[in-house]
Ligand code: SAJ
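As structure tokens, one chain now follows by itself in the form predicted on its own.
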């Protein structure tokens, strides 16, 4: 039986055999030699997830004033059943991620098919051939108890294994640039010691050739400006020594639009790592604050979103006030405060904890329960209630389901024995909730629905006419707006059709 990796669309790909790996090693060496003759440095991107795959294209797309690429990029993805499929998909010039950004398929086609300076592989020995490794390994925070983020911790096992692999292969003069969001202290206390240990095993003098390690965190937003959020955005960076800092600055300057978005150098990697986790903690606290006020607004008949718009007119101090919603999802706000809190206690051995940061995570993680409360107020029981949830990704117009608040919503509704159907135009599979079938046709979820939850603001949902929704339902469902996706005129249309409308922070609806 072949060892298969299955893509989200169901296509099956055979994982390479050892014989095929041997041939791949020969191909990698040949390609690298050819690219060096063209005067290009060689980069490997470790991990081809939502950040790594697009970061690899941005690096490959970077050119000098004459239009010549600076780099050839090897994208490396482990040969696991879960993720190997990305390798053949990328090598066909197709992005392994779904996005509303039209530049995503364009930049994959340009770098893979036209310029041929980006290629994916699962062969570990590729790291022995490169000048720079960009680390984009997934690193998560584990929260063992729902709503108790203070118990959360960081499992560094897979990350350590990835760094150890680099230490076993890279040349001493290779820069390891950590782009993954990591707990403060990781480069200094985890990455550098592992590389030193592996260098010593290989007989490398670490005093003459200390590991070159830098950190520069991503600020990726996988939506309509997915590529631009990597290439055309401000970067913070630092390194464990001056040579690492200099090499990192040169690399980022070549790849990114630093003329319009200047680089910021911090004193050390602890500072750079802390900057990322603090940046996202600030946003998490901001959102948690708005939920408290949204509940208040609902009880006194106020539209919190109109209040928010009024406040945001005060530019420079209040225009970054965020909004309440179904909940907080994605790969950053849900975990970064936990990473920092864990690092404070574990990597640095300090007492106490980051109380406000952790409380914000608890509020945000449990936020979907408020939408359930809104639904429950309108029905005697949730048992057998047919509910259509529109949107299971964590962000509008993307297919990323990581830490989606819709997962919490669906799980808790089903605990109450509600009959929940889900729809999302961007999601082919929901690995975090595999038992839930995500439909791509609204006609598969709306007929007979007694509740329609607008969970995510995909354009498709915002463009739906109330008469269309009611006609497909064949009922007069309760409409639940989770984040101001429906304006007052649309709400009025639903009400004329006999529907009740409720929403997070929308206390003005009567």
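Because the structure is a prediction, the values reported are computed rather than measured. Residue numbers count along the first chain shown, from 1. The term rigid core refers to the maximal set of C-alpha atoms that superpose within 1.5 Å between the two forms.
The form predicted together with the ligand exists for this protein as well; it is not shown, and the discussion that follows is about that form.
With the ligand left out of view, the stretch that reaches within 4.5 Å of it through heavy atoms in the predicted complex is, among 107-115, 154-162, 235-243, 319-327, 319-327. The three residues 276, 332 and 395 all sit with a heavy atom within 4.5 Å of the ligand in the predicted complex. Residue contact check for residue 283: one or more of its heavy atoms lie within 4.5 Å of the ligand in the predicted complex. Among residues of the shown chain, residue 287 is one whose heavy atoms approach the ligand to within 4.5 Å in the predicted complex. Mapping the unseen interface onto this chain, residue 218 counts among the residues with a heavy atom inside 4.5 Å of the ligand in the predicted complex.
Here residue 458 counts as shifted, since its C-alpha moves by at least 2 Å between this form and the one not shown after the core is aligned.
Once both forms are overlaid on the rigid core, the distance between the two CA positions of residue 159 between this form and the one not shown is under 2 angstroms. For residue 75, a C-alpha deviation below 2 angstroms is recorded between this form and the one not shown after rigid-core alignment.
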